[in-house]
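Listed next as structure tokens: two forms of one protein chain, kept apart as structure 1 and structure 2.
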Structure 1
């Protein structure tokens, strides 16, 4: 019922989401909607509450107040249904060192109940996609940080989810890899209609990638719009880059 009542294009509805740690308000009464098929950037300085928001969306931590609705399911009341359409790349994630890249993905495919036949094919494709095809039978303990991150991206795609949530996907990845990930995210969104929510500190990437961005500061949402609109909002001079816009919003410039 609820699903039908919602505007067709809203796929994640964040409602008054709040997380308190004692006196610290890590996420402070934040509300916004994320539209189907868009690339949504969640930005803010260290400790502004981006990861906390994401972890509440996937049910890893409980909100102090408020909730969120993903694909029509309340993340508190129906956590399993809510996250079943989400592929997550967590911040600082780790994988199973004693297993190979392939075995890791095969475990995740089992957890996601992807059929064996389909999994075997898509695991190889995904490893190829993230540039790990030469390493597919290597144990993860021998992987560099960037290689682990690539494996994590492959993992987030294993269930072919409608929504991808990537917490700092380019963390530890070289420039070429960063470009590959940007192209991949674009392709997933534009050609396959996926919704992508990502956090990053690489503002020049945001410029090229995100349809809309939300800027957080000390747990509060301080801006939410497309990049051209945000640029207009602060009446930046012609040709100002997004870094400048971002820093102005943070009150640094």
Structure 2
């Protein structure tokens, strides 16, 4: 798998990305490359800098130092072009509860300046992709957490971006819903060619999904590789699950 990824072109190039808030260094000179078409896990405990990194990648906050190039666009010098290549599912995505699934996507398509002709076609296709066709005319106030997350994935795809950034896409979802979203993410990457960057606290999901993972701690990047290679680095016993590997890198075990 790793040899296959090395042959892919780099679609996100992060160089010395840093964010300071006064004396607090939220992200500390982080550098890595993400390859086209891979599922890349950005992991770490609360306060490790994951969300701040994501906000810089999508242009919602500016780095203090360093930069990132996304699909060939510098996030500082060409923020609009870089942002147009990315679909984002934030951790707490908001919707209009009094609108239907279809109306929510239509509203977002207008905000994203997607032509109405294209939007009419793509919205139905996206709702089918995420398994919400039967609820497309149902008001979102009736949706479960899992259904809302699937709607959020559809929303992130409305401009057909090359890259998806999913922040805790399975948080608060039951095991069946988690499995459904996991399979959807796999399909988006392996069958539709999307590059997926995701954060998650469900570490047992990581080795089922991610081609590579980056582990952060207190704003620093402390590990980056495939899960088998990370397991070998810490000389974990054969068959050790990824939770043990992660905790060992964090210095907990």
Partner chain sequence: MPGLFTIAKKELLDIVTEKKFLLIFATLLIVVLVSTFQGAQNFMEMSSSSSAYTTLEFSTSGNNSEPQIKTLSIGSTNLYWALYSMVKNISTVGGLLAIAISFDAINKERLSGSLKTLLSYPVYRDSVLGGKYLGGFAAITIVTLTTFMAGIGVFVGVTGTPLTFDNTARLLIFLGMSVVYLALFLGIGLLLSIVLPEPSTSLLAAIIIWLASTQLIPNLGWAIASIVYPFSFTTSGNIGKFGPSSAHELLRKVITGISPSASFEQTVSGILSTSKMEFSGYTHVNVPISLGQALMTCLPNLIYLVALLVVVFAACYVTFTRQEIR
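Residue numbers count along the first chain shown, from 1. We call the rigid core the largest set of C-alpha positions that still match within 1.5 Å between the two forms. Everything numeric here is computed off the predicted structure, so don't read it as measured data.
- prompt: Here are two forms of the same chain; which is the form predicted on its own?
  reply: That would be structure 2.
query: Has the Cα of residue 129 moved 2 Å or more between structures 1 and 2, judged after a core fit?
result: Where the cores coincide, residue 129 still shows a C-alpha shift between structures 1 and 2 that is 2 Å or more.
- prompt: Can a Cα shift of no less than 2 Å be assigned to residue 99 between structures 1 and 2, given superposition on the rigid core?
  reply: True for residue 99: a C-alpha shift of 2 Å or more.
- prompt: For this two-part rigid motion, what is the smaller part's turn angle between structures 1 and 2, in degrees?
  reply: Hinge rotation between structures 1 and 2: 16 degrees.
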